[in-house]
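Below you'll find only one chain, the form predicted alone, shown as structure tokens.
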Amino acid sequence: MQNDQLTLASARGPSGPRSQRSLPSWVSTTALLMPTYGWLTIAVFLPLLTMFAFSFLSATPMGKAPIVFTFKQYRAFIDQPYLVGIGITSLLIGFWTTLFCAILGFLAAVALVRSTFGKTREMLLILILLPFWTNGLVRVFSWTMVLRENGFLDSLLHMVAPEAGSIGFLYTRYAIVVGLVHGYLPYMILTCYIALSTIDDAIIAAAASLGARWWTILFKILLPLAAPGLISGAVLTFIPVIGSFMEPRILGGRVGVTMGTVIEDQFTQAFNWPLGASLSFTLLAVVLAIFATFSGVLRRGTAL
């Protein structure tokens, strides 16, 4: 009797009651994606579209000045040439921050994947994520205590060489890069760590058995195979860094004028939202142009 029931159930095949209740795959996919993309539409795209519309206005809509449609905000880099120098400074800070994050992050990820196991690796990963658990403002101000004259850095030096002068470099562009590297290094470590953890150990063992030295394994095997993670980390670091304003303002002082601080001033001090919005979208266009220029290199890196 039981065998007969099983035979009957198998004979129903795809036309059984369960298969009739199942939904098409596109319905379940849409249902899973709708909350995320709905939120992105409301919280990201709509504000961006609003700011994009503001960038073509002659004055802030909430003010009392008459408002007309104009393109003059996008001539800011021509009418105010000093903005070009500020833009170049922002790009250089972004370049050096991304470079230091790439070097330090990749080496740290290699050490985590190749030299640590079990709870030791988990503990080190938690320490990497630790900066995310603290307030960003606290992190930046803590660097002022380290980098300032007669700060923690000077105290360490004077313990070794009491007669040495100060090596504090607060309110310089070096201090800005240090603060930004501290803030964005975890992104680079995590993306490189994910890429390196997918590399088969047999490849490394085969290279070592054939006599490859450690630098050959590092530069000709690990680095090319981890290129997708390295490139993803570079994108996640470079884009937010060139628009950052907290680290340049606190650690840079008078030399910490970047596009991020200029845009913030337009929104909070000058109350010139159209100019701030146009500068933001101009900066976005420059970033997209940079990535479009190097898109061939990026595609080759991710295809390895």
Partner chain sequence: MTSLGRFYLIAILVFLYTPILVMMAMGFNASLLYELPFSFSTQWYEALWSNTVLLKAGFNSIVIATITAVLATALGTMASVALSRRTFRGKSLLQLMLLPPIAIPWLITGTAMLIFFYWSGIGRGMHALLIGHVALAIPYVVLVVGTGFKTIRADLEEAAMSLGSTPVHAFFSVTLPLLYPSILGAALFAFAVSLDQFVISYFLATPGYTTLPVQIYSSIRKGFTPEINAISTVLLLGSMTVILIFARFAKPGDTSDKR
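Numbering follows the first chain given and starts at 1. Rigid core: the largest C-alpha set superposing within 1.5 Å between the two forms. Just so we're clear, the structure is a prediction, and the values are computed from it rather than from any experiment.
This protein has a second form, the form predicted in complex with the partner chain, left out of what is shown; the following refers to that one.
Colleague: If the cut-off is 4.5 angstroms on heavy atoms, which of these, P228, G168, G87, P186, is the one near the partner chain in the predicted bound form?
Modeller: Contact residue from the list: P186.
Colleague: Among the candidate residues F95, Y74, F141, Y174, which is the single one with a non-hydrogen atom no more than 4.5 Å from the partner chain in the predicted bound form?
Modeller: Of the candidates F95, Y74, F141, Y174, F141 is the one lying within 4.5 Å of the partner chain in the predicted bound form.
Colleague: So, F267 and the partner chain: in the predicted bound form, are they within 4.5 Å at any heavy atom pair?
Modeller: Yes, F267 sits close enough to the partner chain in the predicted bound form that at least one of its heavy atoms falls within 4.5 Å.
Colleague: Is L91 close to the partner chain in the predicted bound form, meaning a heavy atom pair under 4.5 Å apart or at it?
Modeller: So L91 does not count as contacting the partner chain.
Colleague: Does the partner chain get within 4.5 angstroms of any non-hydrogen atom of V44 in the predicted bound form?
Modeller: Because a heavy atom of V44 falls inside 4.5 Å of the partner chain in the predicted bound form, the answer is yes.
Colleague: Verify the contact flag for V146: yes if a non-hydrogen atom of it lies within 4.5 Å of a non-hydrogen atom of the partner chain in the predicted bound form, no if not.
Modeller: Yes.
Colleague: So if I measure heavy atom distances to the partner chain in the predicted bound form, which of the stretches 74-82, 198-206, 160-168, 123-131 falls within 4.5 Å?
Modeller: Every other range fails; the passing one is 123-131.
Colleague: So which bits of 264-289 sit within 4.5 Å of the partner chain in the predicted bound form, heavy atoms only?
Modeller: Sequence-ordered list: E264, F267, T268, W273, A277, S280, L283, L284, V287.
Colleague: Has the Cα of T70 moved 2 Å or more between this form and the one not shown, judged after a core fit?
Modeller: No, shifts by less than 2 Å.
Colleague: V235 and P35: do their C-alpha atoms lie closer or farther in the predicted bound form than in the form you see, with a change of 3 Å or more?
Modeller: Between the C-alphas of P35 and V235, the gap widens in the predicted bound form (3 Å or more compared with this form).
Colleague: Can you confirm the direction of the Cα distance change for L40 and V235 in the predicted bound form, closer or farther than in this form, given it is 3 Å or more?
Modeller: More distant in the predicted bound form, by 3 Å or more.
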